[in-house]
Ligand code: DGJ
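Shown below, as structure tokens, is a lone chain in the form predicted on its own; questions about how it binds or moves come after it.
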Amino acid sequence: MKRAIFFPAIIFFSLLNASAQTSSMPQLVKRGHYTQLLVNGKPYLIFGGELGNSSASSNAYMRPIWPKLKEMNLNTVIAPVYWELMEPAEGEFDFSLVDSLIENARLNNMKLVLLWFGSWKNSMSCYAPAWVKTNIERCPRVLTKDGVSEEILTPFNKNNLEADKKAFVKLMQHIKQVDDKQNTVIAIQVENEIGMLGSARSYDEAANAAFDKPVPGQLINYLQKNKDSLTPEIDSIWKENGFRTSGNWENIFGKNLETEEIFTAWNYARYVNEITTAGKSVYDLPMYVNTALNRPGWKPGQYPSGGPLPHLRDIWKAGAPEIDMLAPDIYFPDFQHWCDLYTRFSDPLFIPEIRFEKEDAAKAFFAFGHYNCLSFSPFSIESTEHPEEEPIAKAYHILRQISPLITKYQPEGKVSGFLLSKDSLSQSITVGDYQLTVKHDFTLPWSSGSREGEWPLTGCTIIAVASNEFYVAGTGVVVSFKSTIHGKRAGILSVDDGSFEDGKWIAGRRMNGDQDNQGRYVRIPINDYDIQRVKLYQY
């Protein structure tokens, strides 16, 4: 009798434990219009840095890098896994580099995002193993329109797909084996900056045959189902051809480069989706694909054609539903333009790479405040000689402190971000009974540098934690307040700078007086990085 009672209890607690382990795995959760990355059951923002392509290929080379990363206040390292080094001979696997990354991340209290450099890295197949590269008959390449064979594995060949997929599954099995309890690895990038170069599409025999076949029903069904909410680029192309629902690629989308790029995107997406599906079936981590952006004025094939670009969002969503996020690598100017394109359908913003430069600090405050940003990560983060002096290190020091506030109040629409330059000196928003105006620090005539020709980017995150209480965090900004109630004026009750320690606010200086210009504004000067708590009143 006792045994009969005890056995179901074991089953119950085993199931409970299994459920707890599953729920504690890194995962993406939708909360209203916002997506949050949960790590160990709590919202997590990636204050990251991506390693240069070759750094993680040597444990000895990485040894002096880890202290640098810690000095820069990273909470996450984004690091490659190289197919050629992981599977140097077919079926023989070496995970020593992966294990070293995991071990050192744990030692430094950091998380990892791993990049799968498999079939493609920056379009090319440079990280495919030698046994793949040298067997062209088994693992064929793409052909350009001129018949030139590029060092790009064709996505139209099953051998290429199966070889990549088997290796990726082995990687996911290993990560699960060594990390399913600690959750050091929190996300996976599948391939790297996919896209066809030399032509808008491949002209290999299998590709030509596929181009002449009817557009797959899976894509047609997606277009029909989402007809009222397609990206304007895809909607326009489909509309020009009468919203046709049967025929080959040129019948549906027209005879042009855009059609060739859509065709390329679809087939890359299907290839990636198979790899992702196989990997998730083993260990279901969040997975994304990153993008080499299309340079303005360049045509598909001059830039990597068919990658997960913003104008191809619908093709990738239809072809790779297992991919959780499409992520931009931002090296071009006009940071806000690219972020707007990737978030125009309420998709989360995940930036795995951005050019490593001084202005990253302002961009980070803006991205985490203004967008549903889950990751910010300058590329080749280890290249600095003075990690503690880098602006991004100072920004991360602040952002890590306010991260719990961002993740708590962002789903409620109470978090805002601002990016200011000489071309964008002032921005305003209304929050409750107050209008907030944020200006560049150099708009103050007595600000040092205000007469300089070059004005650096500045930025901040503002969090409304109560109807009359705000936290302002950033650099190089001036914030003033105005009542939206007729006949009332807004006054600053108090301003304190300070910091968060273990989630608790520790007030520092009372900033009334000259620091807030006798109650006129809140200011964080250029080259300062600060958090200020502001309480308002109306009179």
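Each residue number is its position in the shown sequence, starting from 1. Note that the structure is predicted; figures quoted are calculated from it, not measured.
Same protein, other form: the form predicted in complex with the named molecule, not shown, and the subject of what follows.
> Between Lys121, Lys165, Lys439, Lys111, only one gets a heavy atom within 4.5 angstroms of the named molecule in the predicted complex; which residue is that?
Contact check passes for Lys121.
> Name the residue from Thr259, Asn267, Gln410, Asn290 that puts a heavy atom within 4.5 Å of the named molecule in the predicted complex.
Here the answer is residue option Asn290.
> Work out which of the listed stretches, 187-195, 358-366, 212-220, 416-424, brings a heavy atom within 4.5 angstroms of the named molecule in the predicted complex.
This holds for exactly one stretch, 187-195.
> Taking heavy atoms and a 4.5 Å cut-off, does Asp329 contact the named molecule in the predicted complex?
Although the named molecule is absent here, Asp329 would touch it in the predicted complex, with heavy atoms inside 4.5 Å.
> Please run the contact check for Ser499 against the named molecule in the predicted complex: heavy atoms, 4.5 angstroms, yes or no?
Result no; Ser499 lies far from the named molecule in the predicted complex.
> Does Asn53 make contact with the named molecule in the predicted complex, using a 4.5 Å heavy atom cut-off?
Heavy-atom contact with the named molecule at 4.5 Å: present for Asn53.
> With a 4.5 Å heavy atom cut-off, would you call Phe379 a contact of the named molecule in the predicted complex?
Contact check for Phe379: yes, within 4.5 Å of the named molecule in the predicted complex.
> Give, in sequence order, every residue of 260-277 that has a heavy atom within 4.5 Å of the named molecule in the predicted complex, or say none if there are no such residues.
Sequence-ordered list is empty.
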